[in-house]
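One chain comes next, on its own, written as structure tokens: the form predicted alone.
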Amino acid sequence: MHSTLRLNRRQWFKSSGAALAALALAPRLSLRAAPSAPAADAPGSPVGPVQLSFNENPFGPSPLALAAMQRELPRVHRYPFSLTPKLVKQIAEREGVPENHIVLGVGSGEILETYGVYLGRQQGEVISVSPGYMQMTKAMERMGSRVVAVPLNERLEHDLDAMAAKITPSTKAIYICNPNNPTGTIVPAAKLRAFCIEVSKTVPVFIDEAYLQCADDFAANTMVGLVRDGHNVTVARTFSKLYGLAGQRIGYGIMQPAMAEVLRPFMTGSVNLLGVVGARASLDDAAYVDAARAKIKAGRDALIAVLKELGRRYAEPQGNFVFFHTGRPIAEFQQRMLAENVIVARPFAPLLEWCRISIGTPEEMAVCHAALRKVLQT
């Protein structure tokens, strides 16, 4: 991380307590809460406020996916049941596992939710990090389980040793978002692999790889090989990020067949027709995926250059967003950026002077860079 962050455990707990007290006095915060503003006139338009808070792919789906979805428009009155097995087969072949290892979901969020509901009913503990993505852990908490939040290390990465130290007979799952949301940091692959092999002997491990396909080296960092090798590991993926299909809500989990079998009854329904055909076409368009990843990296690097210019600390990012220190309360920073036509992400306690900004189009990022120079220099 640029300009190493010093955040010891005492400081973390002190900050967490203050943050929780503040949130307790405020209205309940939605996971997607952000300052409201009119939508921009068109994607990438610098005219209206630019939306840089949801970690979407601003470049949209592949041309093959768009064409496939357009061809299916006359059939949207039909269920996708005849097409979903073809997508499952295609995914299974891509991931190198039998089809009974794959569970489709309405975005990877449904996989997180159902996994959390199933294990949460056992009313034990789930180990995760703070700040981190909370959908699975919140689902477990709603079912009566307890969330054990472990502070990130000084580089704002998962502290695997500290997480392992929290395992007790009550632990029902360990959740790791890699790259982490909101920090964008990635766990060294060899260390994560060794951790998963050892821990999964007694506790299920859930690896959320929603952003890993945006990383510099996806193949070296994915943990799907552990699923192939029979370890008690689940890996989640989504078509919402790199593939640009956030509006179609389609994702999947790769897991052991026994886990897949118990999760399926908890699924809320069917994925949608256009999402299925868009996902299938996306998997066939490797050239577009490579180009989208390169454009996201270019936007990420350009944003980091601005932060360096302004002397700001940031977490080393591998997703399609950057997390950095603003030097002021995030609520104030959000409003100042909105005044400059940029919508940034919600607060992530306990780091309430840090901000996550998603990578947008070059036009959107030009607006963002200008806003940062103005807001952070005053």
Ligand SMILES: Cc1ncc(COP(=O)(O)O)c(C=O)c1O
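Start at 1 with the first residue shown and count on from there. In this text the structure is predicted, and so the values were computed from the model without any measurement.
The same protein also has a form predicted together with this ligand, omitted here; what follows describes it.
Have a look at 203-211, 271-279, 292-300, 76-84 and name the one stretch with heavy atoms inside 4.5 Å of this ligand in the predicted complex. Answer to the contact question: 203-211.
Report yes if all three of 107, 135 and 249 come within 4.5 Å of this ligand in the predicted complex by some heavy atom, otherwise no.
Yes, each of 107, 135 and 249 comes within 4.5 Å of this ligand in the predicted complex.
Just one of 238, 185, 128, 145 has a heavy atom within 4.5 Å of this ligand in the predicted complex. Which one? Flagged contact: 238.
Exercise. With the partner left out of view, is residue 114 within 4.5 angstroms of this ligand in the predicted complex by any non-hydrogen atom?
Worked result: Answer no; every heavy atom of residue 114 is more than 4.5 Å from this ligand in the predicted complex.
Going by a heavy atom distance of 4.5 Å, is residue 222 a contact of this ligand in the predicted complex? Output for residue 222 is no: heavy atoms all beyond 4.5 Å of this ligand.
Q | Distance check, residue 177 to this ligand in the predicted complex, heavy atom within 4.5 Å | A | Residue-level check for residue 177: yes, a contact with this ligand.
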